[in-house]
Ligand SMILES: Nc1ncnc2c1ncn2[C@@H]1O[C@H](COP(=O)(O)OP(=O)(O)OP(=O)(O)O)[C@@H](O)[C@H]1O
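Shown here is one chain on its own, the form predicted alone, set out as structure tokens.
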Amino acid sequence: MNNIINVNELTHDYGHGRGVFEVSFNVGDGETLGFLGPNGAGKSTTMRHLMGFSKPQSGKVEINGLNCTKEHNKIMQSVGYLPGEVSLPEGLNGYQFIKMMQDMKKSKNDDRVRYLLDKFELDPSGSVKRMSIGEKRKLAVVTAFMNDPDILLLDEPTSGLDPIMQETFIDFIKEEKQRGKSILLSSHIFSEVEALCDRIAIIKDGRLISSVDAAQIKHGLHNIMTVEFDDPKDFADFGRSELDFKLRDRSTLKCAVVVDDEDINKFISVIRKFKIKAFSEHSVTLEEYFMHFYKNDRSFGGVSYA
């Protein structure tokens, strides 16, 4: 798979812990990468560097092998960008704004524009100044997709849309994926990321801290096996096994073990030697996996990392 988007050791330090630090990832041809993190984590900063709005202090940022800072104009011919915060010129109506963007992109596809206006149920005849947040977001969606770009940079794309329009947008992006578009989708909404992304990169405090495949999420990122014993000796002996323990509680005689699919036989061979009072299995969701990195008590699948 050819890489369409390449971010290599991107660093821009704005001081006081703000910025991005040695961020590296890529997006392959026809792939959707989810960029997952809360507000302020560095998602929008990375997007601005990809758009050429900011220059890296160090590292490289490229789209289609072109430097995003030096060759911005060439890159924008094949990129659709949906910013996290929509700011529109107030002196225009929606049609005038669309016309302005068509002129800037040197692209005019009125059939595509009509399709998008119908899809997102937007009447652009009114003044941009008087549009609601949702209407402004829809107008930004139309202008981002109207020249049918091959590469999409989507920063919190459903922000401001009502739940019905959020579903419409997700269905639309699924169609774009089927058409082979390469997409970087920044979001803090787990359901959105799970529905659309092939891979997911988690960012915290400007640094990438984990990356997982969507296929892992569908089968549970990890399995947490919780085992309770009657006999303190069984509890102690089991606790000395070479397993990935996340909890050993002497007061309740409970143990919790992380067991990935490839280790299930090893777990069974160990556990069959003991008399068990109770047993439960829990598959870790994307949200729980994410919160493992973000919660102060490092909770993971209901099990505390002390």
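Remember, predicted model here, so these are calculated numbers, not experimental data. The numbering used is simple: start at 1 and walk along the sequence shown.
The same protein has a further form, the form predicted together with the ligand, not shown here; the description that follows concerns it.
Stretch 32-40 is the answer when you ask which of 61-69, 266-274, 32-40, 241-249 has residues with heavy atoms within 4.5 Å of the ligand in the predicted bound form. Using a 4.5 angstroms threshold between heavy atoms, E156 counts as touching the ligand in the predicted bound form.
Among residues of the shown chain, R112 is not one whose heavy atoms approach the ligand to within 4.5 Å in the predicted bound form. When contacts are judged by a 4.5 Å heavy atom cut-off, R207 does not count as touching the ligand in the predicted bound form.
With a 4.5 Å cutoff on heavy atoms, H188 counts as touching the ligand in the predicted bound form. Taken together, the three residues Y95, K99 and K138 all stay farther than 4.5 Å from the ligand in the predicted bound form, as judged by their closest heavy atom. Contacts to the ligand in the predicted bound form (heavy atom within 4.5 Å) from stretch 13-27: Y14, R18, G19.
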